[in-house]
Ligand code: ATP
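Taking the form predicted alone, here's one chain by itself in structure tokens.
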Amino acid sequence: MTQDRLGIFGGTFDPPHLGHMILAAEAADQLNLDHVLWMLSPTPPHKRQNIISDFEERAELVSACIEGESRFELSTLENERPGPHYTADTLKILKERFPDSKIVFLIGGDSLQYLPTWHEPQLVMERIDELGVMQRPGEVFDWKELKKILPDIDSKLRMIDAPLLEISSTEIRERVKSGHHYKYYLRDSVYRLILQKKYYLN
């Protein structure tokens, strides 16, 4: 029996947009993932100064975004326990919950460079089977520095060719607030929900 390959795709998804969908789909296809958990972050430690929308609102938007995609699933695991919500702790719980799955942790190339500065980065590496990095065209990494702190990174690293998508949740929120068009950055289900609930207007 083939071991289930479980991708972990974390973020605030405020809101989730087509860029997120394309990256998750590319990761699933290129790394042969059976499932991708969209790990919704309550308040990431590195974004404590940012104003982030209500968790339940973002969960509703992610659910709308991934509806109909059989390999994608929303996870509210990080909201089920008190913060701070460190990745190393989340991965420990995931390994306990999915003992028969290969854990493939998905991050962007920008996050890879800062991985050594995360809380207990060695534990992060120990608790995953593979590290899927979504590399943008022309992105360059300081491998020497990364290997100083994470010497086993080579054995777990899987690069994902990701298209260059200049879509950001911040820009979408600003467009909603200022009355500029934003419809084509989102799945229609997410767009309709934002309109219906009047999200991001305040």
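From a predicted model like this one, the values you see are computed outputs, not experimental measurements. In this text, residue numbers run from 1 along the sequence as written.
Missing here is the form predicted together with the ligand; even so, the following discussion is about that form.
- Looking at 120-128, 93-101, 71-79, 106-114, the stretch with residues near the ligand in the predicted complex, meaning non-hydrogen atoms within 4.5 angstroms, turns out to be 106-114.
- The shortest heavy atom separation between residue 167 and the ligand in the predicted complex is within 4.5 Å.
- Contact check for residue 12: a heavy atom falls within 4.5 Å of the ligand in the predicted complex.
- At least one heavy atom of residue 173 is located within 4.5 Å of the ligand in the predicted complex.
- For residue 23, a non-hydrogen atom is located within 4.5 Å of the ligand in the predicted complex, even though that partner is not displayed.
- This chain appears without its partner; in the predicted complex, the one residue of 28, 134, 37, 65 with a heavy atom within 4.5 Å of the ligand is 134.
- The partner is not shown here, and in the predicted complex the stretch 63-98 never reaches within 4.5 angstroms of the ligand through any heavy atom.
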